[in-house]
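A single chain, nothing else alongside it, follows as structure tokens in the form predicted alone.
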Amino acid sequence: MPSQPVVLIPGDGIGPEVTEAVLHVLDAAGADIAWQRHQAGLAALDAGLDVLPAQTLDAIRDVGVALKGPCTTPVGKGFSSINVQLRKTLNLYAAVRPVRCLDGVATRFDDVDLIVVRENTEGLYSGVENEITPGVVTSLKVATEIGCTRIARWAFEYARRRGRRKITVFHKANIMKLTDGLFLRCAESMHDEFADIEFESMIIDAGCMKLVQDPTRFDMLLLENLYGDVVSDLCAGLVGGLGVVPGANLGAEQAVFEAVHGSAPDIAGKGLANPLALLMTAVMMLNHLADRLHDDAHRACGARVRDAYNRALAEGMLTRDLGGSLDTTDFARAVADRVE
């Protein structure tokens, strides 16, 4: 059987070095992947291409799965966010951010293990803004029944597939009765089809307070676009920051797996970048391939990688951002050496 093709977007800044570190570990774990390299961000501009080249998008459409390193969207000059373009163009409506405590990574909390599911295409991020008169602007929050129902169904199906026990919806339907009200009603209606999954709703300000008081009371969070953007980073802070959490943007046909941290050009090429977030993201990608292809080999490979980085962290193999002394390559080698 031929190797599974996956689009690889190394990105720019620290992107290429963390990507190479991840590839080293995946090779050690025996990942059967045929990488198709494409560019986006500053790397694409440097190659004389658009910031998000058409050939990159076409490759993702054709293959269906991509692993993406951090990319820089140039400030000004009319460039729009690469990530937003990817989500809208490919209709990647579900953003998924697993957040859990890791042995060896010191945090204020123990036993955090939750998943943030964010609607990715609507809300205030629809970008509908107008200047009514000089000095007065509006931004339109968009919610559709199709979009709200789609993300609710995706979350409940994911919960059942992954053996999660409860979904909590964060909302502000007490104020935004139409938009957030629709989001909440669609989630409540979907629960009728998934009675085996516990369900609760919570006004978002109270929910954020409860998150920082005791995050272990939550299992899965379901949020509209803006709330999900903010809360997913808040949750990352509970377990050590953006450098220790993976991320994925999923649609009906395509999936883009990406580290959620930035490109950090100030430390690019210095060996200071932690590849862990992208490595964890690659494990999510392998599990996705296993589900999609009904291939346990990809899931077993992901488990080998996960066990290896868990073991490395527990044994104190840490990069400098986590209080250790390893550089990017050293950490990749430490994980690869522990693959069984």
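Because the structure is a prediction, the values reported are computed rather than measured. Sequential numbering from 1, following the sequence displayed.
Although not depicted, the form predicted together with a small molecule is the subject of the following passage.
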Does the 4.5 Å heavy atom contact test between residue 171 and the small molecule in the model of the complex come out positive? no
Tell me, yes or no, whether residue 211 is in contact with the small molecule in the model of the complex, where a contact means a heavy atom of each within 4.5 Å. no
Given that the partner is absent here, does residue 321 sit within 4.5 Å of the small molecule in the model of the complex, heavy atoms only? yes
So, in the model of the complex, is residue 21 in contact with the small molecule at a 4.5 angstroms heavy atom limit? no
Location of the small molecule contact in the model of the complex, chosen stretch of 33-41, 296-304, 271-279, 59-67 [non-hydrogen atom, 4.5 Å]: 271-279
Check for me: heavy atom within 4.5 Å of the small molecule in the model of the complex, for each of 119, 204 and 231, yes or no. no
Name the residue from 223, 71, 167, 151 that puts a heavy atom within 4.5 Å of the small molecule in the model of the complex. 71
Contact assignment for the small molecule in the model of the complex, among 124, 264, 105, 197, heavy atom within 4.5 Å: 264
